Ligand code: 4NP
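Below you will find one chain, with nothing else, as structure tokens; this is the form predicted on its own, and questions on how it binds or moves follow later.
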């Protein structure tokens, strides 16, 4: 799960998907395309909205996406087209590129980008949580179908 700073959207997506896979041995992580918040906790508003939905993301720390993540992960979901372009630019080959997808492509709606709630109010974080939760439901089903 990748966004710009790895403090708002991608930590929520990581927490949501991990919450859906408690009985399975999957690695779910998040990262940012920037180095702005390396080592920091997620934004307090992300922590609060996750907690409201029974998910604890306080064990997460911001990190920057690395090229080696292409080797570590089978799926790389990005939150918006800007981060998509940044990750694709790091891809070494077509195999790397095929792993990268906009997370909202999992939904059948007109939105492409997960809105960045950083400069908005608390309702923006709830909206982002709901969008990511719906997308993670689809990802969960997709992954389970691929392993069975």
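Residue numbers count along the first chain shown, from 1. Because the structure is a prediction, the values reported are computed rather than measured.
Quick note: we don't show the form predicted in complex with the ligand, though the next part is all about it.
Practice problem: Name the stretch: of 29-37, 55-63, 85-93, 104-112, exactly one has residues whose heavy atoms fall within 4.5 Å of the ligand in the predicted complex. | Solution: It is the stretch 29-37.
Q) Does residue 1 reach the ligand in the predicted complex, with heavy atoms at most 4.5 Å apart? A) Result no; residue 1 lies far from the ligand in the predicted complex.
My question is simply whether residue 48 lines the interface with the ligand in the predicted complex - judged by any non-hydrogen atom within 4.5 Å. Contact check for residue 48: no, nothing within 4.5 Å of the ligand in the predicted complex.
Practice task
Check whether residue 122 has any heavy atom within 4.5 Å of a heavy atom of the ligand in the predicted complex, and answer yes or no.
Solution key: Answer no; every heavy atom of residue 122 is more than 4.5 Å from the ligand in the predicted complex.
Residue by residue through 41-74, which ones have a non-hydrogen atom no more than 4.5 angstroms from the ligand in the predicted complex? Sequence-ordered list is empty.
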